[in-house]
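Presented below, as structure tokens, is a lone chain in the form predicted on its own.
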């Protein structure tokens, strides 16, 4: 919002400053729970509260013991490696099928496009507990319950809607005369896709892939239903830690996940701006 003009009325000035106060309160409400856990993860004691030493900013009140416990504990490391194995595979599946679905649904001659789109993005709308229960009963009948493939496919199903939405948004500004020109020059559809279309929609594809990765890496409800002890992921281990033994190591893990999420979201924002620049360069 631009600065107030000198002729603004009293009501306009009141709304101008009230709007900023409201936005600041909302931002504080959203960010405060995240900010609080970061200093608590450096607590030298096994408490979930600020100790007197921390409040006095005494160096003895701070320690990296919980981070050392995370990197030295076998249970935490096993869960982390499971997450690092499952999330990339689920992301690859999500990006592959989500991109193909978005490109297909962007064609004007495809019948029932809106109905198909609604079905494909339904995992974002349906409560997660319902999706998890349905996956559990379905996987139990086909032998995928408690397997890595089952967890990967379940996470991919949750990530595909994000890929479809981001790629579809990128295709809105795509100049289709480029693909027609490539076809007129003798390029086959596969060559046209990889040489013409893919470079222009790549920012949207990568953005959708990052969202799919975050969804898989942070997901806990579905993996509780379709996974087993062998597929215990990092969020699952955090859930167990909160339920069985409350350890501040959870705060250290949460801080690491927050840092990873911030880096991924910053990457998404850079890709979004690059996508806007590419669309601005398009002849359309």
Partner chain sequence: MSDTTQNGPVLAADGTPLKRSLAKALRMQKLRALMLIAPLLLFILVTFILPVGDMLFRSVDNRIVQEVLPNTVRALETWDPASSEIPDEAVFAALAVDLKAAAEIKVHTKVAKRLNYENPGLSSVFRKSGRKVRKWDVENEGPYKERLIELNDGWADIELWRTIKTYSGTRTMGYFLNAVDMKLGATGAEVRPETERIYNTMLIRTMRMSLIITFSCIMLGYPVAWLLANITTRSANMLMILVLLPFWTSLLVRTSSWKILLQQQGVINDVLVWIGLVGDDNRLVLINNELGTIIAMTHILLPFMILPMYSVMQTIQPTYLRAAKSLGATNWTAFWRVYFPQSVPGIGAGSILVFILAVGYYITPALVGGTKGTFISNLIAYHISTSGNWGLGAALGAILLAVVLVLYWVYDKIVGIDNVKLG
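Definition used throughout: the rigid core is the maximal C-alpha set that superposes within 1.5 Å between two forms. Numbering follows the first chain given and starts at 1. What you are looking at is a predicted structure, and each value in this text was computed from that prediction instead of being measured.
What comes next is about the form predicted together with its partner chain, which is not displayed.
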Any chance residue 88 has a heavy atom within 4.5 Å of its partner chain in the predicted bound form?
-> no
Indicate whether its partner chain has at least one heavy atom within 4.5 Å of a heavy atom of residue 14 in the predicted bound form.
-> no
Taking the shortest heavy atom distance, is residue 195 within 4.5 Å of its partner chain in the predicted bound form?
-> no
Might residue 64 be said to contact its partner chain in the predicted bound form, defining contact as any heavy atom within 4.5 Å?
-> no
Please state whether all three residues 84, 190 and 271 have a non-hydrogen atom within 4.5 angstroms of its partner chain in the predicted bound form.
-> no
Is any part of 200-232 within 4.5 angstroms of its partner chain in the predicted bound form by a non-hydrogen atom, and which residues would that be?
-> 207, 210, 211, 214, 218, 220, 221, 225
Could you tell me whether the Cα atom of residue 231 shifts by at least 2 Å between the shown form and the other one after core superposition?
-> no
Residue shift check between the shown form and the other one, rigid core fit, residue 258 Cα at least 2 Å = yes
So, does residue 50 move by 2 Å or more at the CA between the shown form and the other one, with the core held fixed?
-> no
